[in-house]
Structure formats: C-alpha cells, structure tokens
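Next up: a single chain in structure tokens, the form predicted alone.
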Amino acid sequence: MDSNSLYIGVDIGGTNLRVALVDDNGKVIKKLKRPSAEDILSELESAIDEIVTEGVKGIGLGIAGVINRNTYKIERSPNLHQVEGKDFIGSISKKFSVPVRIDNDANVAALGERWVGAGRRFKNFVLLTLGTGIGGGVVYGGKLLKVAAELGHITVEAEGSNCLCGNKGCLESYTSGRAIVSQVVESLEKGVDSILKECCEGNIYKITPEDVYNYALEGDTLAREALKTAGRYLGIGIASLVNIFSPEAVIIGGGLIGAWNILVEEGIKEARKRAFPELIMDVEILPAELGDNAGVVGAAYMIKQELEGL
C-alpha cells in the first residue's frame, strides 16, 4: 500500500466520536470509537494521536451541527452543544501539520456512501441518518450538494413537540432514537400497559431504542405503536424530500435501521401514499451499506477530494 494515500476521517455525533485511518480506496485500516466527551476537542486530538501515521495527507472532520461556510466553525449543534464556536480546523491543523476540512456529519456520511457504499450507483440521492438525532445529506450530479441539509429539522407537525433546535414539530422530534424512547417513557408514566415496564430492572428511564425494538418483536403493543408512529412521520419526511429533490434513491442509515422491518417499512408505505406518484414510483428506498464507517470514510473522502481537486 502506498503510504502517501492515507487520510484520517473523523465522525463526531451526538453520542460517539469515531476516528479512522482510511486508504485511497475507501478501506478502513484502523478505527477508534469513544463516547463524545465534554471536552471534545482535547478528546479528538488524543484519538487522532493514537491513529496518525507517516504518510497521512489530511484530516476530514464530520461534526453534527450547522457549519458556517465562511469561518468553518460550528454555529449550532442541538445534540452536541460543546462543539459550538470551536475552531476545530485551526487547532487540528496546527497540531498535526496537515490540511483539515470540516462539514456536517451527515453530509460526509452521504459522501462515504457515494464513494464506496449504497450510493455509488446513483448520481442523485438523499441520505437520511436515523440515530440520536436525524441528519441528512444530498448528492446531486454525483457531488455533495453544499447546503446545510438539516433534514431532521423539516417540520412535520405545525404545532408539534418542542425540538432541541428551538422549533416545534421537527422530524427529529418524532422519528429519532431520542423521540421514540421519549414517547415510550411518557406512555409508561401515564400507566399504559406494556411489558416494557419490566425492562432495565424496572427503571424505565434507562430504556434504549434497541429495547423498544426487541420488545416490539415480542409483540408488545406500546413498542410496536411507538415504532410505527415514528415510521409514519419518517414517511412524511421522505415524501417531502422526494417532492423537492426527485432523487433516484433515498438511502437510510444510522443505528435505527436495525428496526427496518417495522420503523422504515412503515415509513416507505407512508411516503408512497404522500409523494407525487410520478416522482416516487421509481425511487429506491434502501439501507446504507457502510454502517458505523459511513462518517469516517466520507470525511476521509472529503479531504481526498479537496487535495486532488475532484
């Protein structure tokens, strides 16, 4: 392997920090995964220190939040407030003496899927990442569309639930992992009958999205309804995206796609009812392929593209 064809990709999400060494073909050589710390910049520098090697050309950063495309600082991150206002590019480039680029984490995940994942056979697609929050990226004409793509914050209920972004009724407030758990816990607090009461040794405040899915598979009505409700809102969001972008595909990634057969299938049904039939009839709605690696691979590809003038 040519030591000159190495990049470091970083993915900082609402829950975890991932750092990987990636080669020129999109293969992950080495990877670290840690919880997102309060002092995220120091934690990131420490993680890069562990993985950096001779021949690294540059570092790509994907971070959950709205990036100012003039200053390249994170102006707002509803799920990761500790990154707001930080100069990641300045600090990281100074410490490691290589070029550094930054973009939204879901944007770079879309790049990863375009490079070596589910998006490689499409020129136009939308990526939705379903996790702690909801992110998005849009690839048009084979290239990442340089827009905020805060797709988790499109409004699906005009006077709906409060979102961490400050708005009401965002898709993220209904379909994210946090939203699903919140709906379940609120129902249990009201006394709704469910075997989820037995979860986590009776501590309902420790319930996770995975728990909700597992109990749904056991036939628990509350768990199934929570996932189906989330799925219907997902479908509303997908229909809007199809009507706006008319993509060849909608690719869905993130931790919640483990519940594809309930959550996402419900979303697909709802989307096909709501979108213009002429626009959605040929749209493929399919799972992302890179899983946990989408963000780090995409971040590496971002810096590779920049350095090679692609």
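Only the largest set of C-alpha atoms that superpose within 1.5 Å between the two forms is called the rigid core. This is a predicted model, so every value here is computed, not measured. Counting begins at 1, following the sequence as shown.
The same protein has a further form, the form predicted in complex with another copy of the chain, not shown here; the description that follows concerns it.
Visitor: Given that another copy of the chain is not shown alongside this chain, does Glu50 nevertheless sit within 4.5 Å of it in the predicted complex, heavy atom to heavy atom?
Guide: So Glu50 does not count as contacting another copy of the chain.
Visitor: Test of understanding: in the predicted complex, would His153 fall inside 4.5 Å of another copy of the chain by heavy atoms?
Guide: Residue-level check for His153: yes, a contact with another copy of the chain.
Visitor: So, in the predicted complex, is Phe88 in contact with another copy of the chain at a 4.5 angstroms heavy atom limit?
Guide: No, Phe88 is distant from the partner.
Visitor: In the predicted complex, does Ile285 come within 4.5 Å of another copy of the chain, counting heavy atoms only?
Guide: Taking the distances in the predicted complex, the answer for Ile285 is no, it never comes within 4.5 Å of another copy of the chain.
Visitor: Pick from 195-203, 180-188, 110-118, 72-80: which stretch has non-hydrogen atoms within 4.5 Å of another copy of the chain in the predicted complex?
Guide: The contacting stretch is 72-80.
Visitor: Let me know the one among Thr229, Asn214, Ser240, Ser93 whose heavy atoms come within 4.5 Å of another copy of the chain in the predicted complex, would you?
Guide: In short, Ser240.
Visitor: Taking 4.5 Å between heavy atoms as the contact cutoff, choose which of Leu222, Val98, Ile207, Leu145 touches another copy of the chain in the predicted complex.
Guide: Only one listed residue qualifies here, and that residue is Leu145.
Visitor: Looking at another copy of the chain in the predicted complex, which residues in 220-248 have at least one heavy atom within 4.5 Å of it?
Guide: Counting only heavy atoms within 4.5 Å of another copy of the chain in the predicted complex, the contacting residues of 220-248 are Arg232, Tyr233, Ile236, Ser240, Leu241, Asn243, Ile244, Phe245, Ser246.
Visitor: Once both forms sit on the same rigid core, is the C-alpha displacement of Thr132 at or above 2 Å between the shown form and the other one?
Guide: No, because once the rigid core is superposed, the C-alpha of Thr132 moves less than 2 Å between the shown form and the other one.
Visitor: I want to check Pro78: does it shift between the shown form and the other one by 2 Å or more at the Cα, with the core superposed?
Guide: Yes, shifts by 2 Å or more.
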